[in-house]
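Shown below, as structure tokens, is a lone chain in the form predicted alone; questions about how it binds or moves come after it.
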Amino acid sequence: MAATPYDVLIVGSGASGGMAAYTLARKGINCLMLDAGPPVDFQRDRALKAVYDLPYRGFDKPGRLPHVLQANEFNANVWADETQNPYTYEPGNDFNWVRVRLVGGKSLFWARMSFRLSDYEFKAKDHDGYGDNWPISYADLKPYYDQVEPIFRVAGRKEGWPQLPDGVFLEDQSPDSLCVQKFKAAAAKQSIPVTKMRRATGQGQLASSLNLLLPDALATGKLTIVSNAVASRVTTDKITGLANGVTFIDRHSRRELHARARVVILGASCLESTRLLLNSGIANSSGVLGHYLFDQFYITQTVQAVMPEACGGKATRAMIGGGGYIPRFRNLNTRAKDFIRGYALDFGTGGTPSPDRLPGYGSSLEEKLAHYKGAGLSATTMGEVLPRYDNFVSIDPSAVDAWGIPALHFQARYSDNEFNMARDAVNTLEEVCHDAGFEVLSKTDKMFPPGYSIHELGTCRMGDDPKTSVLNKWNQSHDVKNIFVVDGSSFVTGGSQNPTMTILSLSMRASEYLAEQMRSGSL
């Protein structure tokens, strides 16, 4: 391994690492990819079992994955085991760090929501005075969004909204049900935009690095993937200070190995890349590595409502079904009273309300559920979280993972800005539902703990000033010029949009820049 000459070593095989490999290998650059998990075995990993064949009847062993609220006994093999991969946090301030250790990473399981950021995010400080601008604008990233969306076959409707830029879409002309039409009409009265969801359709059941990026990279003969390789630190040359490779541990044998390369790319996901740099003791002359941790806050079933005409078994396909997406509409041309930035909502219709949100029990509750069956509308709120220096991760000197690598400690909490935003979201959505003629059964502004969205961002931010940022505008370390970090850790702001399309586009942009730097001899 140590004797093999690699041009670039990539840590991580998900969206960011996969795109780096896809871009570089197709340019003839010899790449080595390390991933902490095993290759995907669909026959084994997707085997179906009856509930009665599972020891805990589908609910999983209590305490095994306490912070992975998406987990159950049917899919527990997907998520990183927290006993092997621990982390710590401030008492009373939980963080849900959801990880996937498989080749392909979290790109195997994302919700496929595919949005672009706009200059309301890239230049947020110019708009409202808070925080920092990105060192790039929407115009800088647009050419890469234009290339990424066709690869992932993103479907959607073009609307011409500045806060949600249009893309290179498979045009979605599917009709809206009567329920969705009524909702859109009520929203329009409050100048609230509603569109179809923008989603990656991919190929068949997958829209992931595993099937859309890595095969093309491997086909060039310029990519080697080493699975079950748990990266522990980036190594540097004692004379030049440049990175010269990565030390990793074989997941099964616990043997420590080292791989060398001219350039190191970190795409291990936001917090794992930051953890790797912190444990390596490099790229932090600014002192901000690990700081400015943020995500999007989530409220599921913000409002549960029913369409009266569809109750009692009267629902038809034309009457109810389908859903939509509401992009940010607050703080664009006017200012909200008690918060800055904004939130988005996605909603679905045609389901049945959750019984835990309805009054009653026993036969009376069963009668209600039967009456409401197929007539429901529910929505999820995704709110922008302000990047704040005092939300951060650091190395916990008292905790290590199963391979002896020091673990992360989290200090993160939401602020009044997020709580006020959440209240506005639920009150606004309730009003729209009432105006549409729906019956609102329940509502909540209770947010899940930070991390639930699985959209952790920041901690290795980009910027023009090396004193206040870790990376430059090309995702390149200010301190160690042959280290690039291409995942969500580079974000300066995140908006309310799901970040995957932006991560992919940043990784492609950084990789093309890297290839040119290598060609010219600058790296």
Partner chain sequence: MPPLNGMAGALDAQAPEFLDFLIGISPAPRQQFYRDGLELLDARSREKFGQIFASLSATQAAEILRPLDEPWTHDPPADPLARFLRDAHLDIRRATQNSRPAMASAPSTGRRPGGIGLYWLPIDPIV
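Numbering follows the first chain given and starts at 1. Values in this document were obtained by computation on a predicted structure and should not be read as measured data.
Omitted from view is the form predicted in complex with the partner chain, to which the following refers.
Contact annotation for L369: at least one heavy atom lies within 4.5 Å of the partner chain in the predicted complex. Contact check for L365: a heavy atom falls within 4.5 Å of the partner chain in the predicted complex.
Although the partner is absent from this view, W110 stays clear of the partner chain in the predicted complex, with no non-hydrogen atom inside 4.5 angstroms.
At the 4.5 Å threshold, heavy atoms of T247 stay clear of the partner chain in the predicted complex, well away from it.
Residues A20, K222 and G322 are none of them found to lie within 4.5 Å of the partner chain in the predicted complex, as judged by heavy atom distances.
The stretch that touches the partner chain in the predicted complex, counting heavy atoms within 4.5 Å, is 352 to 360, out of 431 to 439, 352 to 360, 387 to 395, 257 to 265. Residues S442, K443, T444, K446 are the members of 432 to 471 with a non-hydrogen atom no more than 4.5 angstroms from the partner chain in the predicted complex.
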